[in-house]
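Shown next as structure tokens: one chain only, the form predicted on its own.
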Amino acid sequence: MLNFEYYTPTKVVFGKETEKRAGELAKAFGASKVLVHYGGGSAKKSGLLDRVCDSLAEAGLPYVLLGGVVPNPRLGLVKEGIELCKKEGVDFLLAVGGGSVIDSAKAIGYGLYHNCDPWLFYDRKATATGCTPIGAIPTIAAAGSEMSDSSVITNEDGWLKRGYSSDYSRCRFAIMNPELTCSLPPYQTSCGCTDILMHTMERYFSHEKHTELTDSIGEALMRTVMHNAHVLMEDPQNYDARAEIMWAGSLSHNGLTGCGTAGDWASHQIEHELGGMFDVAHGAGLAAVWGSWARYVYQEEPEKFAHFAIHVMGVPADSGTTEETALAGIRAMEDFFRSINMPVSLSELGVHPTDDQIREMAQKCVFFGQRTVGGFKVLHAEDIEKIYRMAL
């Protein structure tokens, strides 16, 4: 087990109707004027935005609104948010929506605090020394951004999708009401479950030894998500299943399932370039490339993939050799993705990149030769090209 730090300062308020406490919590964390940041029309149509604004008003907190966040959130709206906050004297950011909204709020927080272009951080040209305080009311269980230190932004200039991580951006509080996810379309629910699984697998597939407790937590989390994903396929309004998945989403990405391991993260980096170029849903993009990544790297330590097959996917321990068991586990995960209507190839995703586009994505993934990706197997641009082609 590696040395590690585990830091989770976010106050979680979980359960039914908890969004009505938004004003109370923002005030408790020092807010005097709030930017309410949200996505499309669903927050308005559902009445959620009104309930949040009423709560702020009851707490005596003035607020301004900024909607329009899209999946794969854009730098352009982030900059618009920074200027609005400066103009209005905002000192607290409240993200109401999915992971894209929370990520967008984090980028606004960096830019507002430092009075600079936040892309400097995502482009690794500056290091954050603070962030305007943020609260979150997630409306989809997926990204886990409400408890993580990370965010991902897409720069329209070149369609570069980049992530940045800093403890300064961790939310002061997360209001988590599973009821808010009940109206999600099945496709978004499945994308969210996939993202949660992938956040856990990125940490799980690591070469570190003697991580039994961390691995067991991750295995239980993945089994819980898969079971409840199937429940929601039949009963989308099932509150208990929604609650299990929402809590799993936070725990999958707040560091708990990676304590003592190095993690991999290649699948995320490979998908980021798909999202940047083709604007695909993040969870679906991850499902489309994971199997190809797994088959490309599993021989680095087939025992780990065999353990995953047995303890997560339910493959019988006596099903064959270690390699056969490992490959059976990969197939079983792909079968699960199919069972919740997720793609397991780029063609199923509806993406058909040309050779030039594959090369471009691979180069962007390695920052044009400035880095490699992956920990389970270190990947260079040529490796990433091969994985994209395997995923076709």
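The first residue of the sequence shown is number 1, and the count goes up from there. All of these numbers come straight from a predicted model, not from anything done at the bench.
There is also a form predicted in complex with 5,6-dihydroxy-NADP; it is not shown, and the following applies to it.
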property	result
Which of 99-107, 294-302, 127-135, 312-320 sits within 4.5 Å of 5,6-dihydroxy-NADP in the model of the complex, heavy atom basis	99-107
The single option of 250, 267, 139, 194 touching 5,6-dihydroxy-NADP in the model of the complex, heavy atom within 4.5 Å	139
Partner-contacting position among 42, 357, 363, 32 - heavy atom within 4.5 Å of 5,6-dihydroxy-NADP in the model of the complex	42
Heavy atom distance at most 4.5 Å to 5,6-dihydroxy-NADP in the model of the complex, all of 71, 143 and 152	yes
5,6-dihydroxy-NADP contact at residue 228 in the model of the complex, heavy atom, 4.5 Å	no
Touches 5,6-dihydroxy-NADP in the model of the complex: residue 185 (any heavy atom, 4.5 Å)	yes
Residue 221 within 4.5 Å of 5,6-dihydroxy-NADP in the model of the complex, heavy atoms	no
Residue 257: touches 5,6-dihydroxy-NADP in the model of the complex, heavy atom cutoff 4.5 angstroms	no
